[in-house]
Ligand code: FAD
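Given next, in structure tokens, is a single chain: the form predicted on its own.
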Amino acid sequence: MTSNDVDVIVVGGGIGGLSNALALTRKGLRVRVLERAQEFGEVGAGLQIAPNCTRILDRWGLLDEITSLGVLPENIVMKDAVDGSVLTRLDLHDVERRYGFPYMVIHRSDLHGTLLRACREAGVDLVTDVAVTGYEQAPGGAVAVHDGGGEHGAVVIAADGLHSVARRILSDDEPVNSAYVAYRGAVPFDRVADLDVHTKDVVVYVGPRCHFVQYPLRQGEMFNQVAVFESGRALAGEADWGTPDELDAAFEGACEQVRAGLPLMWRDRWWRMFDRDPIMNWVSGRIVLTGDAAHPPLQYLAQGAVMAIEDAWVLSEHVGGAGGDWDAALAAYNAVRTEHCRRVLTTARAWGELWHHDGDKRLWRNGVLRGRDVHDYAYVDWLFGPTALTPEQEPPMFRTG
């Protein structure tokens, strides 16, 4: 068992794991990351990164590089998926003025690649092909157990995702199936140049039990699309659900702009959408959950990767201020992040329900959104403002007036 050459073991080499490794290395700690795959990498397509995250990336000295790889869109536009009409929008130039940092969209692999390069430059020990199967408390810390033995650190950070092994120490819960499935497709921009698309905006079409998202990537060289719908087969308890025929059927009643984009979706893979119920303790001794291991959300607030990066920053700030007292640092992290992420998880579920209304509820939703002032930030101030380090700094939700 490796025991004395590092301070921290991070299990999982995704965005959350690398963020923790980078943040703690910047505090002077020696960090080892254990990744089960044979190489570090990310799958998927686009990510939206709100000001509460670009603020942290700026503090880590990464914002300029990430901005050069992504796109700073001008607006988030919400449209009705049935008739294509505009319901409301966020002016993202004004968002940057209000919160001090930009709203960005970026390819997931580009964000991950930036974090990976930063970790290498900082001296993080990056280890692949290690499958962690368990966690144990140990004198002076904890152990991540794997087939080759174990890795000991003063703390073990579990960034092992939705199906986290470490979470079982703290909860016997299981992932919650939303019965929704996502199809993605990032294509060269010339594939959509003749379609009726917004070239500088994030556009969300909300419809009955479905929605469709479009935005540019990689300085406008690529175009990202996400199609999400409720699967009748999932609701019926069938094992084979979310298939391409269900995708086509779900968007039959959508407007022309949405239907024109559907043939460009990747049809050989799809992502079934799960989250978990919030838990209010992420710490067991010197084992701590982070990212999706602690709080896997549905994607409606676009805060999944953001929360993982926030977790890393908050934990590192408390570690840096605790003078080597790991127990105090973990307690402070646990005190503030669990409640914030509970809010995000539960609000994401409610936001998804609002998006997917049908019939009279759809008409009511459309009226409410059309009546919103474009500069009304009552429903995003609690998300986009500075990340709280203590419970007292956590802002109230949905402040009005």
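Residue numbers here begin at 1 and follow the sequence given. This is a predicted model, so every value here is computed, not measured.
Although not depicted, the form predicted in complex with flavin-adenine dinucleotide (FAD) is the subject of the following passage.
The candidate site formed by Met78, Gly261 and Val368 is entirely out of contact with flavin-adenine dinucleotide (FAD) in the predicted bound form, as no residue has a non-hydrogen atom within 4.5 angstroms of it. In the predicted bound form, at least one heavy atom of Glu42 sits within 4.5 Å of a heavy atom of flavin-adenine dinucleotide (FAD). Within 4.5 Å of any heavy atom of flavin-adenine dinucleotide (FAD) in the predicted bound form lies no heavy atom of Cys341. flavin-adenine dinucleotide (FAD) is not drawn, but in the predicted bound form it has no heavy atom within 4.5 Å of Ile279. Looking at Pro208, you'd find every heavy atom of it more than 4.5 angstroms from flavin-adenine dinucleotide (FAD) in the predicted bound form.
A heavy atom within 4.5 Å of flavin-adenine dinucleotide (FAD) in the predicted bound form is found for one listed residue only; from Ala305, Leu92, Val319, Leu217, this is Ala305. Put simply, of Arg98, His107, His198, Arg184 only one has a heavy atom within 4.5 Å of flavin-adenine dinucleotide (FAD) in the predicted bound form, and it is Arg184. Comment: 46 to 54 is the region of 46 to 54, 368 to 376, 351 to 359, 65 to 73 lying near flavin-adenine dinucleotide (FAD) in the predicted bound form, near meaning a non-hydrogen atom within 4.5 Å.
If you take 14 to 31 and check each residue for a heavy atom within 4.5 Å of flavin-adenine dinucleotide (FAD) in the predicted bound form, you get Gly14, Ile15, Gly16, Gly17, in sequence order.
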